[in-house]
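Only one chain is shown below, in structure tokens, and it's the form predicted alone.
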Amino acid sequence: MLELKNISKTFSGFSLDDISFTAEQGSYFVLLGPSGAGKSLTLEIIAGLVRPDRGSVVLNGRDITHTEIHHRPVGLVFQEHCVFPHLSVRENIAYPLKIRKRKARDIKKLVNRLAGEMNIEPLLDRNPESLSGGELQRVTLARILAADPGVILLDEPLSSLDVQLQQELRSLLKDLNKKGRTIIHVTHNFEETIVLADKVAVMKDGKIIQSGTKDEVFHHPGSEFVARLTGIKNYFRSVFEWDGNQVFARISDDIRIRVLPEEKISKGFIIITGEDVILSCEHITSSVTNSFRGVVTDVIPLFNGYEIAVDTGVTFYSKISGESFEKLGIHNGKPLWVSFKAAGVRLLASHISL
């Protein structure tokens, strides 16, 4: 288990402020945030490349805050492919074993095993300059694994790869995690996080602003920043109006949305995921209590369907399948009904910081 306790570090113009989280043994923990949030700096502190001003790094009950880099049981994979250009792939993987003075036959056996796991056996006698970006990442991972680290640290490992190589490396990383490897992964990519993470910490301006399981963070974002970062576009400032037993969120002069509040609040924000927004050519008369007529203003292709923007006086975004897209005959300017249930609207009180 890796624990960061109240880690702070100040540079000119930037501060990492009171960073605390726990990554359980065998978990896949993602630090998600935009560039400049402090994600990579956090990894460098864990690895020992940077010493914190305050706080501690604890691994399996042992404080390693001031332990030298080469004595820390962690492996750091940088965004750039850090391999020794003058050594072959085989020699790169064997390097951490040689400096630990392992026997030659043991080195050969382990190098071959790791090359098999990384699917790079045919590359063992090639030089790094002849390899693709995806192949170099696999070599880097094999070399890290040769040292048998307690935690693998990944700094934007997929950002320089094309889509196919990203998918291949994601599968590889998931397999490593399933075998019990603890992984801390830094990224700005929401979809990457969805595929890989067990737990997520969202960083902004040197602080963790929300953390929890993947479902907790993505289904219940605590601020507009987290909502936008996690792909939620239906986020509206609201005034709540109580009408007998019914409650409505007024988001404009003309639009009120039926909601199911957990507590009595007067103002705040509402969130509706794109998956909860239903599109139809005719008005739906059912348990769907919020329906608005509008016009399609944008069609955005997604990996597994489309995101449709509909202007009803306020723009709502709906995520639909390719089949639904074809069935509805969607195009810019097409009139449609936007509908969603009151139970699909999530509320945030106005005291939540944005």
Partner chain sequence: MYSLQPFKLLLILLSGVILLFIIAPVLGIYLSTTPLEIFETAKDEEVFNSIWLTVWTSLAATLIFALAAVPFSYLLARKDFPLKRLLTGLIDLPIVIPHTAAGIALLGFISRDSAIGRLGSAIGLDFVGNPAGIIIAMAFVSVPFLIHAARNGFEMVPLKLEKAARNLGASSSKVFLTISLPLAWRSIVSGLVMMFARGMSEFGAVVIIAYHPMVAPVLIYERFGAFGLKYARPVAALFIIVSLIVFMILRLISSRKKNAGT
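Remember, predicted model here, so these are calculated numbers, not experimental data. Positions refer to the first chain, counted from 1.
There is another form of the same protein, the form predicted in complex with its partner chain; it is not shown, and what comes next is about it.
Residue heavy atoms within 4.5 Å of its partner chain in the model of the complex occur in exactly one stretch of 293-301, 33-41, 313-321, 47-55, and that stretch is 47-55.
Not displayed here, its partner chain is kept clear of residue 260 by more than 4.5 Å at the level of heavy atoms in the model of the complex. Residue 239 falls outside the set of residues with a heavy atom inside 4.5 Å of its partner chain in the model of the complex. Its partner chain in the model of the complex comes within 4.5 Å of a heavy atom belonging to residue 96.
Interface residue remark: residue 264 is not counted as part of the site for its partner chain in the model of the complex, having no heavy atom within 4.5 Å. Among the residues 74, 229, 186, 89, the one placing a heavy atom within 4.5 Å of its partner chain in the model of the complex is 74.
Listed residues 284, 82, 255, 194 were compared with its partner chain in the model of the complex; 82 is the one with a heavy atom within 4.5 Å. Although its partner chain is omitted here, in the model of the complex none of 216, 243 and 269 has a heavy atom within 4.5 Å of it.
In the model of the complex, its partner chain lies within 4.5 angstroms of at least one heavy atom of each of the following residues of 107-144: 129, 143, 144, in sequence order.
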